[in-house]
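In the form predicted alone, a lone chain appears below as C-alpha cells.
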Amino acid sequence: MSEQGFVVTPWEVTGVVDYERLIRDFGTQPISDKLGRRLEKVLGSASYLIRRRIFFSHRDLDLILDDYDHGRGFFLYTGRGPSGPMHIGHILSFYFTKWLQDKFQVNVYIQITDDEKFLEEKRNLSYQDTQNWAKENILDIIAAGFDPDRTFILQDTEFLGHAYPLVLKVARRINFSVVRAVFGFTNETNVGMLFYPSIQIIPSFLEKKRCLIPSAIDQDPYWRIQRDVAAPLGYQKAAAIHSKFLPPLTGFQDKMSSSKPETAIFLSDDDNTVRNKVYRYAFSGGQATIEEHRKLGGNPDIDVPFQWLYMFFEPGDSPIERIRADYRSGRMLTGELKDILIERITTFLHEHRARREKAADLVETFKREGALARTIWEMDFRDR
C-alpha cells in the first residue's frame, strides 16, 4: 500500500482512490466547468458523464476542442488488455468512446494488448489464454456500436510486425530510467515488459493529427511517456480524458476484478445472476431495518447501486436526483433501489448481447477489411 493509502498503476488498483490526489500526483488537470460545457455542447445525451465528472481529468482536452472547432480534426485511441471476461466496468469507456466517435465523426483505434497480458507475470496467463480472451473481448467491443469504416481494431500480436519500424523509432527514444521511474520496474521485471511501453504508444502515432485517449486514469502513465517522445518523432502530444472507476459491488475498496466474480457484473451474466449478485453483494447505504431506514434514510454517497445508476445507468438528471432524494429521505428502500438497478442492467445486457451475436461477422471488417483498417495495413511504416 502506498503512503497515501491507495495504489493506482496500469496493473493494480487498491484502496479507496483519492481522485484529487491523483490529479496532483499525475500532473493532469481537472475538467473545469467551462471546458466541460464546451464538450457537453457536442456530446448531447452522453454529456451527463462529463457533467457528473465521471470523466473528471484531462490532458489537453481544450486543444482537442480547438482543433475540432478550427477544422483540423483529431482521432481517438483506446484499448483493452484481454486477461479475462469483460464486465460493466470495462465497457463504460468503450461506450463513451463510441459516443465521442458518433458526435465528432472521427476515427477510432482500439488496441488489443494480448502481448502485454502474456508478459505480465502476475497473471500467469498462457499465450493461448490471451488469444482466446482477445477473440471474446473483441466481440464485446464491437457490440458497443463503433462505425466499422472509421474504426480499426489492432491486435498487437497480429499487427505489430507490420508497424515494427515505427515501434523501433519509439523504443530508441525511451530509456530504462524513464520506464523504471514511471512504472516502478525492478531488476526482476522481464525485458518484455520493459519494452512494452514502446508498443502501447504506437496507436497514438497512426495519424498526424492530435490523438484523444479516453480511459480510466490508471492508464495515464503511458501517455506521459508518449508526450515526451512525440515531438522529436514528428507527432503531436496525445491528449487524454480520464474516467473514475465504477466501484465494485462489494464497496469502494479496490476496483472490479474478473478474478473476483462477486465484485462485478459480467457482460455474459444472465438475469438471475445479475439479480442474485446485486441483492447478495451490492454494498448498501441503507439502514439495518425498514423502520430505521424510513426514519433515518439512506446514504447514496456510499450506496453502490445508487453510484452505478449515477455513473452510467441513469443519464437523466431529474430522475437520478429524485432517486437520491427519495433514498436519502427514507421514502425509497434499499430493495427498491436495487430493483431499479437490476432492471437497468438487465435491459442494457440484453441489448448488448443482441449486438454481440452479430459481431462475429464484423471482426474482419474491423481488423482488415473496413475502410480505415485497409488504409493502415497499406501504410509503409518505414517512412513514418
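The numbering used is simple: start at 1 and walk along the sequence shown. Please read these numbers as outputs of a predicted model, since none were measured by experiment.
Keep in mind that the form predicted in complex with another copy of the chain is missing from the display, and what follows is about it.
Contact with another copy of the chain in the predicted complex, defined as a heavy atom within 4.5 Å, is made by none of T289, K295 and R322. At a distance threshold of 4.5 angstroms between non-hydrogen atoms, G161 is in contact with another copy of the chain in the predicted complex. Residue contact check for Q105: none of its heavy atoms lie within 4.5 Å of another copy of the chain in the predicted complex. Shown alone here, I174 lies within 4.5 Å of another copy of the chain in the predicted complex, counting heavy atoms only. In the predicted complex, L194 approaches another copy of the chain with a heavy atom inside 4.5 Å. Just one listed stretch, out of 72 to 80, 245 to 253, 299 to 307, 116 to 124, contacts another copy of the chain in the predicted complex at the 4.5 Å heavy atom level, and that stretch is 116 to 124. Think of it this way: in the predicted complex, another copy of the chain has a heavy atom of just one of A144, I199, V278, L92 within 4.5 Å, and the residue is I199. Residue in contact with another copy of the chain in the predicted complex (any heavy atom within 4.5 Å), chosen from K260, R150, K135, R180: R180.
Contact annotation for 155 to 169: residues with any non-hydrogen atom within 4.5 angstroms of another copy of the chain in the predicted complex are D156, T157, L160, G161, Y164, P165, L168, K169, listed in sequence order.
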